[in-house]
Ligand SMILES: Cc1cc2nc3c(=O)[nH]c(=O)nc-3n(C[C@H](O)[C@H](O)[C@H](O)COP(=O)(O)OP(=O)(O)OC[C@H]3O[C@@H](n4cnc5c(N)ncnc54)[C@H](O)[C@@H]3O)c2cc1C
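Only one chain is given next, in structure tokens, and it is the form predicted alone.
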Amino acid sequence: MAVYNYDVVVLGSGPAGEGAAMNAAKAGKKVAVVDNRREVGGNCLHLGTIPSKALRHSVRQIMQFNTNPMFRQIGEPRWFSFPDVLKSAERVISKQVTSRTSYYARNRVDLFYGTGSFSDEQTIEVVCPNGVVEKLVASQIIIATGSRPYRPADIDFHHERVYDSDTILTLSHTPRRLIIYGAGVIGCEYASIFSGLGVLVDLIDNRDQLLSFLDGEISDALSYHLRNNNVLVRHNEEYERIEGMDNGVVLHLKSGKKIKADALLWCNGRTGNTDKLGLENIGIKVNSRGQVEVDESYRTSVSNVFAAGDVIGWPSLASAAFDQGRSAAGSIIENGSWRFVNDVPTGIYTIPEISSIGKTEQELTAAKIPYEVGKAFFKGMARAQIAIEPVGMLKLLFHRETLEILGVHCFGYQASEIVHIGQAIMNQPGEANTIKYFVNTTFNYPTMAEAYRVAAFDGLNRLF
């Protein structure tokens, strides 16, 4: 058994692992990264964020071609299969693996491919694919192993018609009708993708509102546009059992309903990838979803072991995971790069997309904070008209007296890009974070960013 010594060992090469490894390496630490795949990038790159967003982009292009009258000069609307569209995602994944592998090489970070587990608080044993065991000894260890779809024991995920958000990427046909169980972020995104391909989608939600953490108006808009694209949303439903057959799946709901479809996609929760880490050997406990508890420094109950990313739970976003990993390493190297990551915008890549940061109307009302609303509807904006993207709006919430921006909520074309302008202004000190910034600043025209100026004037006109 070969033994290697390091300052920091990182378990996982997803966004959290990469953020941790790069920060530690740039501070002069000797760093190793362990991943159970033969390629870097983690579930984010290979199974989650990147494939689903690449799929979404291709589907949006198809929808634009099929609905834009200008393209009728080229030909009639076309039908594309799911496997055909998936090829675009595979090209992106390959390019991302190449880029990210070069980051580790440039920063002299050693990569070990295999299953890593704790033998003691400072030792990781890596079982390589060829069966060879290598021992990594380090004074500091960072867990960044991510998460996977939660799989209830009473559902047969080996059935060829039953998928989760990982295995759906192996789908070799395009179902005519698909049941998506779970209407969280992943469920809503895949509902958009499949309905955009002409699939009849039944979206099963065990709550009474889609994505209830969003501003209510934004949630309502998403619900409307999903239904407008032939998604049947069923609220307040729970499964009793899932019956797999040769030619499809029958979902039996506790309400007595039976829904038959060609396939079922399970999108109801995720589990931390901790079951193979040997955490019991060092006394770290996980919760019922396999997640590790950490403090604000991303330190676990064992002082030299840290954790970041989906494996610790909230907010389970790739963007936050990278910053959490970087901050976990910052706690080790003490170079001023630590911060507790809580200023996190929500990015939801449905069609149309959603992004927000700050307080919602519901939260401000409950807190009895006097606020006002400013809106810019995309249908009236020149850039949206040029792009033939009339759906959506930018909504600003601001304090009636101080004019401080309290929340930014965007639905529609380029929402996940637009939100960052508001985020930047919200974080300015003193009086620089008020809605007046947008009326006293010249924006390029025509742009989607100009929506801030329109929304700001709208909000100021509501004051009395």
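Position 1 is the first residue in the sequence shown; the rest follow in order. Keep in mind it's a predicted model, so treat the numbers as computed, not measured.
Keep in mind the form predicted together with this ligand is missing from the figure; the text below concerns it.
**Study point:** Complete contact of 221, 360 and 392 with this ligand in the predicted bound form (any heavy atom, 4.5 Å)
**Key:** Answer is no for this spot.
Review point. Taking heavy atoms only, is residue 435 within 4.5 angstroms of this ligand in the predicted bound form?
Key: Heavy-atom contact with this ligand at 4.5 Å: absent for residue 435.
Exercise for review: Please check if residue 270 has a heavy atom lying within 4.5 Å of any heavy atom of this ligand in the predicted bound form.
Suggested key: Yes, residue 270 is a contact residue.
Check your understanding: Is residue 60 close to this ligand in the predicted bound form, meaning a heavy atom pair under 4.5 Å apart or at it?
Key -> The answer is no: residue 60 has no heavy atom within 4.5 Å of this ligand.
Practice item. Consider residue 53 of the chain shown here, and say whether it contacts this ligand in the predicted bound form, taking contact as heavy atoms within 4.5 Å. Key: Yes, contact at 4.5 Å.
Practice item. Can you check 225-233, 189-197, 100-108, 332-340 and let me know which stretch has heavy atoms within 4.5 Å of this ligand in the predicted bound form? Key: Selected stretch: 189-197.
Practice item. Scan 162-176 and note down the residues that get a heavy atom within 4.5 Å of this ligand in the predicted bound form; none is a fine answer too. Key: Residue within 4.5 Å: 165 only.
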